[in-house]
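Consider the single chain below, provided in structure tokens and representing the form predicted alone.
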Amino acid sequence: MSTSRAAIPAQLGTPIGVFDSGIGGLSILRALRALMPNEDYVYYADTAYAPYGEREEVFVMERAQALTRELVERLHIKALVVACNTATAAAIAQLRAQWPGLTIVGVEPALKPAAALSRTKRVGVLATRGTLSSEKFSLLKASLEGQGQGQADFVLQPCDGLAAAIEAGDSRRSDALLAQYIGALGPLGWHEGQIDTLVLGCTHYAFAMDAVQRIAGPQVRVLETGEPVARHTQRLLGDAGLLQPRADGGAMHLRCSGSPAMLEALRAATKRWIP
């Protein structure tokens, strides 16, 4: 594994690019590598500007463009996974318009599967303000609300500071925030009027899955997006004939817009969370 900010590993072929504002997107990279272990990957953590969820939409769009340009022009990626709900909502349409020949996959909160799985038809959504206020999220939510088959009512909870606490490895702070935000959703359970399904609407939150489940209780189903995104990426690459044919394991290269200390933190997080 290479973690140099400048040098590009000689063994890196035509990789899949993945970016997020910080370590949250590692939950998506973990799922991608589990499903496609022979692919090469470049993970770009934009830590100098994290977290995206509390930034203006125009700023997030500009950062997404800058990172995509570097990944395409310098690292010659064959596909891009925008491993951030906020960046997906703010920028994915523009990225696809600017790079029409590039396979680009975004992430979005798992509202549709949650609506289908919920028995009480009340679903809680934990996400950043940037995601919850985006037009893309509003359209998705509106398409799934109501009393029709497979639809549900969604209770939205912005989680200020949670991504930053998880990024910093501050489990005491993140547990306290989770208790606060999950408590604010209202009654949880399987009875009428209660929330029986929670959606984690930020890739960072997947790394706090155990705490979420412990606080919410065993009767509540908790959904995140890593595995569905990985399956969708694999399907698109297969359809385009871009899957790596070799079977000897792929290379992984880490990049970071922040300080050397941030790069070391990214490296440590990668070793901790990705086999």
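Numbers for residues come from their place in the sequence shown, where the first is 1. All values reported here derive from a predicted model rather than from experimental measurement.
Same protein, other form: the form predicted together with a small molecule, not shown, and the subject of what follows.
- Interface residue remark: T197 is not counted as part of the site for the small molecule in the predicted bound form, having no heavy atom within 4.5 Å.
- In the predicted bound form, the small molecule lies farther than 4.5 Å from every heavy atom of G226.
- Put simply, A163 is close to the small molecule in the predicted bound form: some heavy atom of it is within 4.5 Å.
- Shown alone here, C202 lies within 4.5 Å of the small molecule in the predicted bound form, counting heavy atoms only.
- Of the candidate stretches 44 to 52, 236 to 244, 64 to 72, 30 to 38, only 44 to 52 has residues with heavy atoms within 4.5 Å of the small molecule in the predicted bound form.
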